[in-house]
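Starting off, we have a lone chain in the form predicted on its own, written out as structure tokens.
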Amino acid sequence: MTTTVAAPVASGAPAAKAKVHRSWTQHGLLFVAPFLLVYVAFLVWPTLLGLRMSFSSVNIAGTNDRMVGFANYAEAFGDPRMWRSLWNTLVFTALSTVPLVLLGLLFALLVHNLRFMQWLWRLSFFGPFLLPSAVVAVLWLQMIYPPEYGLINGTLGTDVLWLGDPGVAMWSMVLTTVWWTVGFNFLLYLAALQSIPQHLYEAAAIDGATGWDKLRSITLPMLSRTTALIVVLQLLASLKVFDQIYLMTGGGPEDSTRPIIEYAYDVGFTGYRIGYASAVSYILFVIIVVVSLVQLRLFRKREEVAS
């Protein structure tokens, strides 16, 4: 005769699990508390404060702080200089994003397939990205762009005013930016290339695939997520351009290179209109959010179609 003994029911198990979960939650909050404090103090709070300022007439001294509703936004939408600076920003973004993505991919493919002195090529392509904006500005102002003795005019035998001609200045800023920042995209692509399984190329070689076939059917599809990330990051970085243009041209000549962030800086810290500058900044903020969401949605749809 077999006797079955029922296992005791641990009635306190759910309560114990809940207590352990609360304990882990409390410890986790304590662990991230320093970062959260810094995040709130230097990002969340300034963002909310700037939004409030955009609806006021406050000046740089903090006086005349009265609410004016949407008057700053209405003035901004009717301001031709704001529209000119926004157009300059969009033109710079369109001209710089494509070469920065394509050159980053090209340089990564070249270095990935080299079999000698890879460290030198990596340093050569990534090195300029480590330079501060002030160093880049001085280097190009003093050595590359001077019309009398600059490297470009001296090599080509021309006398182009690279930073003084309104029709050329924006192209000059794009050239400087591509040289300076392409190393970041190059590094992301190079890391992605090194993570592609080698057996895919070996299998393709057995099937008689050429180098172009491997690039088109294996490499580029495997880099699609990295490309999506780089495009989004590059669009955001280009829309927020400020440093090199402010240091090299100051927005000139004839406002032909002034981006919208520099315009907000000028009206806020030169014109002392912090409220109006905040409104201009939040117009750019909305544009950046919309561009980011559209890009992410487009890449997500593309991945769904591909799968």
Partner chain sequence: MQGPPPTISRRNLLGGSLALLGAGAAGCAIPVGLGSSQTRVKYWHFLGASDGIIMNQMVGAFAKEHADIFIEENVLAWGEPYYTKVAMAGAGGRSPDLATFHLARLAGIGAGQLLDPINVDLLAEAGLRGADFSPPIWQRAHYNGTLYAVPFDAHPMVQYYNTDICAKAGLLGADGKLRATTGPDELLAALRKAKDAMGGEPPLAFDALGLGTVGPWRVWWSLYPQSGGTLLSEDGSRITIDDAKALAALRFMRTLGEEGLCDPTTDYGASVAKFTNNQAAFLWNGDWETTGLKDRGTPFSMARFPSVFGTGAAQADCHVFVLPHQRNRDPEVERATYRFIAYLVKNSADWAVAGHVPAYLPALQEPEYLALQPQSEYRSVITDVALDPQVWYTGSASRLWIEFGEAFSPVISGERTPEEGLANAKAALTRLMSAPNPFPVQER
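Positions refer to the first chain, counted from 1. Just so we're clear, the structure is a prediction, and the values are computed from it rather than from any experiment.
One more form of this protein should be noted, the form predicted in complex with the partner chain, which is absent from this view; the next part is about it.
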Checked Leu37, Leu29, Val44, Ile60 for heavy atoms within 4.5 Å of the partner chain in the model of the complex; positive is Ile60
Only one of 271-279, 236-244, 45-53, 29-37 sits within 4.5 Å of the partner chain in the model of the complex by heavy atom distance, namely 271-279
* Asked: Does any heavy atom of Arg81 come within 4.5 Å of a heavy atom of the partner chain in the model of the complex?
  -> yes
Mark Gly211 yes when one of its heavy atoms lies within 4.5 Å of a heavy atom of the partner chain in the model of the complex, and no otherwise.
no
Practice item. May I ask you to state whether Pro221 is within 4.5 Å of the partner chain in the model of the complex, using heavy atom distances? Key: no
task: Could you confirm whether Pro253 comes within 4.5 Å of the partner chain in the model of the complex, counting heavy atoms only?
output: yes
Across 153-175, the residues having a non-hydrogen atom within 4.5 Å of the partner chain in the model of the complex turn out to be Gly164
